[in-house]
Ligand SMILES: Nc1ncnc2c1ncn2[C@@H]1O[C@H](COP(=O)(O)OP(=O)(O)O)[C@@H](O)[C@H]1O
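Take a look at this single chain, the form predicted alone, given in structure tokens.
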């Protein structure tokens, strides 16, 4: 069996702000392999987004171990974390974060400029169009966000995440601002990434979307509890 993409062991995180420190993660264990999809459920405020932030290296755990491709990155410095975010991860959020004055193609291309330096113009265009094709909206490449529906804007955001060819796709409530039918189409696009070997971690409150994933886990009392694996209820 191949080395896991992500392996979390005993991960802890306490939020320190106003008032008493509040434990959020109390010993999270999670393994994700190439081509695997995992949904994370949990009540509001349970720490799902905090956990995704730690996995995506926007934050660091207080304790435990975080392995990426078998390499311990639990205490990685910010410079290396930024490099790993650019090369290993793709991020999709509930808000699309598209630049309104740029076309769909230009919004996707920004991920290459910011994350991987300058590509030759032809290569950059080919990669962008391939990503837009993957999400089914290559024909809208020249449209600006205000001319696109919510679902189309989210697909642009997904193409922006995929254009770097990430190993891991992290999606935080990506359908929260969409209607049911459009949300299901977005989940189709995200799930298709696993066919190309990308690991997918989906944070959602929607049980129907969660059940599309290979595994469903629930974050409760700071730990993950497995609910379902490969269609088998636990």
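Computed from a predicted model, the values in this text were never measured in an experiment. Numbering follows the first chain given and starts at 1.
Just so it is clear, the following notes concern the form predicted together with this ligand, a form of the same protein that is not shown.
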| query | finding |
| --- | --- |
| Partner-contacting position among 213, 11, 24, 217 - heavy atom within 4.5 Å of this ligand in the predicted complex | 24 |
| Touches this ligand in the predicted complex: residue 47 (any heavy atom, 4.5 Å) | yes |
| Contact flag, residue 15 vs this ligand in the predicted complex, heavy atom cut 4.5 Å | yes |
| Close approach of residue 43 to this ligand in the predicted complex, 4.5 Å, heavy atom | yes |
| Candidate stretches 179 to 187, 194 to 202, 65 to 73, 47 to 55 - the one whose heavy atoms come within 4.5 Å of this ligand in the predicted complex | 47 to 55 |
